[in-house]
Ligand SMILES: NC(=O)c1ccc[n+]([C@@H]2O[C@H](COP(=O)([O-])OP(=O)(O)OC[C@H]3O[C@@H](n4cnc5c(N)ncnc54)[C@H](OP(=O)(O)O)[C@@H]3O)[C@@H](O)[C@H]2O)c1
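Encoded as structure tokens, the following chain is the form predicted on its own, with no partner shown.
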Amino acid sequence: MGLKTFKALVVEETPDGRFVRKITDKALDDLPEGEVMVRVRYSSLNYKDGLSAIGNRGVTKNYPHTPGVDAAGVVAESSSEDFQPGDEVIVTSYDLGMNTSGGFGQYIRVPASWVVPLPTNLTLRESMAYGTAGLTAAFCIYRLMDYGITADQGDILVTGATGGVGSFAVAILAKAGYEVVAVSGKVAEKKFLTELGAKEVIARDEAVDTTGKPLLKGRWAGVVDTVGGDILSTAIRSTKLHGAVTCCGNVASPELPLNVYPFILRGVTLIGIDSQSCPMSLRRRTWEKIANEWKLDNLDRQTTDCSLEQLNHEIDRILEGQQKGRVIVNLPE
């Protein structure tokens, strides 16, 4: 390769402790070690990227840094026999964009064990419409189905439904034949959620019980929770006999005010979803489902595109809770 530098969004820490973002040139030689170098064509914006962009040390320890936990592109160089230059691939989660230079740059270099071949029925751009958020939603649904929750058992609750994970959970569940009740603090987005397939949209206040009762009327056969806190506690206490609840986020709170009664009196199961380091075998199976039976008919309904130059504004929006659906980042040629 004759190229020695590439464009990237870089977050730097100033001497007075502030964190600033700028588009700049980075050297290929500064990329970390790894068997596979990928020319990134698309990335996508996740809440974790926003945290990295404001200096959250729980996400990123050292700066300057390029966030971006998602990337899709073409293999530029490979020392792994599993990948050849020209292969189209996806890289999501693991340490990408956290402490490893991420998808908000034109190139990444990563271990081969992080790389997923692009499924046949999916384009690079479509893969980033899903990204970590869509993959996490799919993990939740996969686990509910694997547990035995079927469409004839009743409604599935999805919390944080206008966010990236929540919106994909609503759409994939509806496509799979489930009846979905969506929770959103954004009542004005009811039309958006019903178009995705939600049977009903309820306000956040309706999804939070403040009575302190250990058990509530059983309403949900299953739950996809993306927010944690009181909403998750209420959802667990409202889950039917032998139902299941998946938990994948904590944007409302990492706390879980709860007692054991839903578990020992109703047999409710709480399933944790780890999208960052789940086994590659599950990751590949889930991407294949996304590319085939769970592939959504109109991804554009859930996505907007932005350039590297527009990304700064979108980062502010996701940190303010204003993002709807998914933002796809187009990397310059």
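Small disclaimer: the values here were computed from a predicted structure and weren't measured. Don't overthink the numbering: it's just position in the shown sequence, from 1.
One more form of this protein, predicted in complex with the ligand, exists but is not displayed; see below.
Picking from 212 to 220, 179 to 187, 235 to 243, 109 to 117 the stretch near the ligand in the model of the complex, with a 4.5 Å limit on heavy atoms, gives 179 to 187.
Taken together, the three residues I23, A53 and T60 lack any non-hydrogen atom within 4.5 angstroms of the ligand in the model of the complex. Site annotation in the model of the complex: the residue of L258, L124, A151, A252 reaching within 4.5 Å of the ligand with a heavy atom is A252.
In terms of contact with the ligand in the model of the complex, the residue from Y42, W287, Y47, W294 that brings a heavy atom within 4.5 Å is Y47. The ligand in the model of the complex is approached by Q276, whose closest heavy atom lies within 4.5 angstroms of it. For R204, a non-hydrogen atom is located within 4.5 Å of the ligand in the model of the complex, even though that partner is not displayed. Shown alone here, V224 lies farther than 4.5 Å from the ligand in the model of the complex, counting heavy atoms only. Put simply, V11 is far from the ligand in the model of the complex: not one heavy atom of it is within 4.5 Å. Looking at 140 to 165, the residues that come within 4.5 Å of the ligand in the model of the complex, counting any heavy atom, are G160, A161, T162, G163, G164, V165.
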